[in-house]
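Only one chain comes next, encoded as structure tokens, the form predicted alone.
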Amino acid sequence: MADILMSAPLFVALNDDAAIALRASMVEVTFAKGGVIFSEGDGGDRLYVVLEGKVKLGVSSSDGRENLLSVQGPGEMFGELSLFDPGPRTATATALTDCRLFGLGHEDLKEWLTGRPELAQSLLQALAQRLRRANEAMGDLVFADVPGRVAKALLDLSVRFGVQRGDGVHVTHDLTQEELAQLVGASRETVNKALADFASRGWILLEPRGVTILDVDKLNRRGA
């Protein structure tokens, strides 16, 4: 578990002694599946690192429609945006599975940033990577068809949560069909059609809240 925590952007730039000291200033919290960690519009005063489980970040429209922005897993961080731009939370964070998190208050983090430019640089790099992914997702919504977006989403989930086995890459993403559709910005029916097509071609094997990718190359080409 320590290796997972130390792989988070908050820790990778620190030496061992500093990382241990920073860990000691964090608070461990747990959430059961479905628990709301924070809601869109809440005041933001804390960032979190996922140690166990998965967290989904989503936004809702005024008419109740939901869009899933991302899924965060072990070693990943969320909630840090308000450190650099204080204001209400821009998304709702919900435990996709039972979760174990480490939280750090922004005032505590600011003390660590003082005199540690390497830590600030690591955090800014993580934010830049997230912005790059958001820009790519926006481009996909404009230029890529739904099957292409589904292929890219499955590949991204496989890189982060997949386990290589004899028959392919097993990915337990823990998303419902509706949540997977929200992640790619399409209707559930259209996404299900794309998944069924991939399965019929022998590229994937569908599983409850998961998938086994049998042909990564074909899926890569479809998502290109």
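Numbers follow the displayed sequence, beginning with 1. Predicted model only: the values in this text are computed from it and were never measured.
There is also a form predicted together with adenosine-3',5'-cyclic-monophosphate (CMP); it is not shown, and the following applies to it.
Screening Leu104, Ala91, Cys99, Ala153 for any heavy atom within 4.5 Å of adenosine-3',5'-cyclic-monophosphate (CMP) in the predicted bound form leaves a single hit, Ala91. Site annotation in the predicted bound form: the residue of Ala134, Leu141, Leu113, Leu124 reaching within 4.5 Å of adenosine-3',5'-cyclic-monophosphate (CMP) with a heavy atom is Ala134. Contact check for Phe198: no non-hydrogen atom falls within 4.5 Å of adenosine-3',5'-cyclic-monophosphate (CMP) in the predicted bound form. Contact check for Glu80: a heavy atom falls within 4.5 Å of adenosine-3',5'-cyclic-monophosphate (CMP) in the predicted bound form. Interface residue remark: Phe31 is not counted as part of the site for adenosine-3',5'-cyclic-monophosphate (CMP) in the predicted bound form, having no heavy atom within 4.5 Å. When contacts are judged by a 4.5 Å heavy atom cut-off, Ala194 does not count as touching adenosine-3',5'-cyclic-monophosphate (CMP) in the predicted bound form.
In the predicted bound form, not one residue of 152-181 has a heavy atom within 4.5 Å of adenosine-3',5'-cyclic-monophosphate (CMP).
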